[in-house]
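Here you get one chain, nothing else, as structure tokens; it is the form predicted alone.
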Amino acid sequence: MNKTKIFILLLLSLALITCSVQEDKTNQHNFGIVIHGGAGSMEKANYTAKQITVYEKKLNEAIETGYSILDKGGSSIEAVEQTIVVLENSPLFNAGKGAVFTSNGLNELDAAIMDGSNLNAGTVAGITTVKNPIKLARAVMENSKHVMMIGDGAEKFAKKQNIEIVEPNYFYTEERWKILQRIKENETNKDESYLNKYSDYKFGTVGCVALDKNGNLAAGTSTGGMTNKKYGRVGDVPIIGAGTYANNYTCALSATGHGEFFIRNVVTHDISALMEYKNLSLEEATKEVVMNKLVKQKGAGGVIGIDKAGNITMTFNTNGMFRGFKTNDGNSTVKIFKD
């Protein structure tokens, strides 16, 4: 073989390698994570600089936990679960440790998780002894034939799944207990202005949505519900399509707010449907539901979301929402207040 033929073969080999590299770059999928820690009437003046720093640090820890999983090629389901575990273990938020109290002085927990690749979902409601409700929700999704389990039955299933069980007093925090007592006192005095003052506690929830490198979406949400809730009340979190929804065809969503309004409006599914049937963008669909439909009904709260292309939204109609995101393009942020 002469030198000319060898040179031509080398050029062809280099061209093939270049095409292969370019194709690999083209096939790389965007990925990212978005979280929330509840929305409500949060005035910056009511928080010290130290408190804000503590919240921001925990939100960043949660984001980095999930993003690290995604960056290493892990699944969106795994990222969502582990991110929410960080938030459930923190007394700063109304989920897991630090959940608010019912009128009977109990901590009743709800959670949900959904896989956008197959629309499989698992939810739990009214549980009192499972340390991390989001883990139980995932177990219901993956290891049972059901979507929702509640109360004693859910806790029996948790034991069979070797999910960590704790004494109910594990969830107790002095701050949440004092808030319940003051609300009950003012409820007796029919002072409704007090309830408005503490509306941020009524709307507390944590949630996470993620898009992984394989293009799969997932969503999860966990909550202690509404302070002073009565009669076995369950909110929107464990109702698929209300507080939690994921569909690879459109987006993944997690809501926080006055659950009754989110249930009536099937908020998260409504956003997905607007994207699918009316071809709205994630931001357009979310604003239509949160800033138009809910506002007209005086339904307070917010929604986080990420779509199949990696676009995100963090939309809320209250004074604030603990929130943050990180995407593979280098963008990231953590915020609390409207500004």
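Worth saying up front: this structure is predicted, and the values here are computed from it rather than measured. The first residue of the sequence shown is number 1, and the count goes up from there.
What comes next is about the form predicted in complex with a further copy of the same chain, which is not displayed.
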Although a further copy of the same chain is absent from this view, report whether residue 172 comes within 4.5 Å of it in the predicted complex, heavy atoms only.
no
Spell out, yes or no, whether the shortest heavy atom distance between residue 73 and a further copy of the same chain in the predicted complex is within 4.5 Å.
no
Residue contact check: residue 84 to a further copy of the same chain in the predicted complex, 4.5 Å heavy atom:
no
4.5 Å heavy atom contact, residue 131 to a further copy of the same chain in the predicted complex:
no
Going by heavy atoms within 4.5 Å, which of 87-95, 205-213, 162-170, 231-239 lines up against a further copy of the same chain in the predicted complex?
231-239
In sequence order, the residues of 261-292 that place a heavy atom within 4.5 Å of a further copy of the same chain in the predicted complex are 263, 264, 265, 266, 269, 270, 273, 274, 276, 277, 278
